[in-house]
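Okay, so here's just one chain, in structure tokens, the form predicted alone.
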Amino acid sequence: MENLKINIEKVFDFVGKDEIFSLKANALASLNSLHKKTGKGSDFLGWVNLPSQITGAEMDDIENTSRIIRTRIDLVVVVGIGGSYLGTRAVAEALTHSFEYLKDKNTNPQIIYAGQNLGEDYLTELLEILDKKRYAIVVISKSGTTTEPAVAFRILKRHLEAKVGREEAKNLIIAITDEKKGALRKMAGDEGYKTYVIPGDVGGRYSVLTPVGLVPLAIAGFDIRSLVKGAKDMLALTLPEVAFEKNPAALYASTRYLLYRKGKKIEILANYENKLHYLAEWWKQLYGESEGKEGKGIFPGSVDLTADLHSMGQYIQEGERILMETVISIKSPKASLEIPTDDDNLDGLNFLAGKRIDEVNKMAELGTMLAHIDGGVPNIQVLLPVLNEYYIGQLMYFFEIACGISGYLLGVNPFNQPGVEAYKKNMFALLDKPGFESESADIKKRLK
């Protein structure tokens, strides 16, 4: 079976192969620290060996619960923010029919999302849809007090109870939260919700292979066993004892770190498959929240190509030369569609007749990569054989373990996010939350 591969040859005009290999000892030492839990943030490294520790009994329980709920609903609402929702959405969007919402009949419940924003129109419109649908709620929060999901769950819980009755609502709510403490844990116990645990040593952005991701994905009918198997196999391919030149995570982390030191301060994750948009959103949180500390870190951005060639392409090609690019390439699409001949040929595209759409897309990908290299944008290529649960599992674990290595190479703790608290303090002060009186006066004075 093929595995994910990485190609760094298109960076050699910017950093030499010898320079990259000079980081071998540091990269593998960083990787070893992740596995031995001796580096910064060692109390949040439960995700490192997680793919090999998920038991058959745990998978059976998730699948059995999912089967029971699936037969009773049209939609499952995932309530969460950041890592509590982006991992699920990344997998679901990558593997769902592009027009699932327009199909006459759906065999599995669709996943929709709440708690990822504070948009009043969004929640109001969501309730309009839920009035007409059978639905369940999967609410995800370690604390149960994070503002966005807590507000959304308060509203949705009341709506579901009014729709089906409080007793029935209990059977349609699953809480994924801390094992012992927190507001959501208490509520789940008081109400009798089915619960799953977010491991205390796994941060949100690394949690997709915990019940945070596995439960909603199983309800929606995805093959979570293949997802976990892909991650487990990638774990084996990126162990510290794997030779540096064969270790995709060590190579990726080392290459991007050297490019950063050469002035490439922004990394663009590019894809040529529209279904990977939310994979890129998940990746942006993973790297942005892990690396952006102490005045350091590569800023993560993303583009969906070829569409964004007509909007962002000009800047990428000729803007300030602070960019590097990582391209996710899919070897084989699932479908096969050829371009037909047109008798009039008014668009001048008969030279493409008989070619598959994917061939044209691949040539656009290759041509763009070469153009970007000529324009001063180095390219790292990540190659997947096909889009399915197994290879998405490989890809997500690859990015996670490489992110840990990258953070250690930068000298930061990749597993905390102290800067995220700043906006919360200001928001609570402006909303007159008890305990924030002094901050409230100062902030309101600044806004005058």
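In this text, residue numbers run from 1 along the sequence as written. For clarity, every value in this text was computed on a predicted model and none was experimentally measured.
The form predicted in complex with a small molecule is left out here; the points below concern that form.
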> Between the options Ile298, Leu172, Ile328, Ile81, which residue brings a heavy atom to within 4.5 Å of the small molecule in the predicted complex?
Replying inline: Ile81
> Of Gly204, Pro109, Pro211, Gly230, which residue is found within 4.5 angstroms of the small molecule in the predicted complex when only non-hydrogen atoms are counted?
Replying inline: Gly204
> Using a 4.5 Å heavy atom cut-off, which stretch among 301 to 309, 134 to 142, 164 to 172, 186 to 194 contacts the small molecule in the predicted complex?
Replying inline: 134 to 142
>> Is Asn413 part of the interface with the small molecule in the predicted complex - any heavy atom within 4.5 Å?
In response: no
> For Glu273, is any heavy atom within 4.5 Å of the small molecule in the predicted complex, or not?
Replying inline: no
> Does Gln417 make contact with the small molecule in the predicted complex, using a 4.5 Å heavy atom cut-off?
Replying inline: yes
>> Would you classify Glu289 as touching the small molecule in the predicted complex, given a 4.5 Å non-hydrogen atom cut-off?
In response: yes
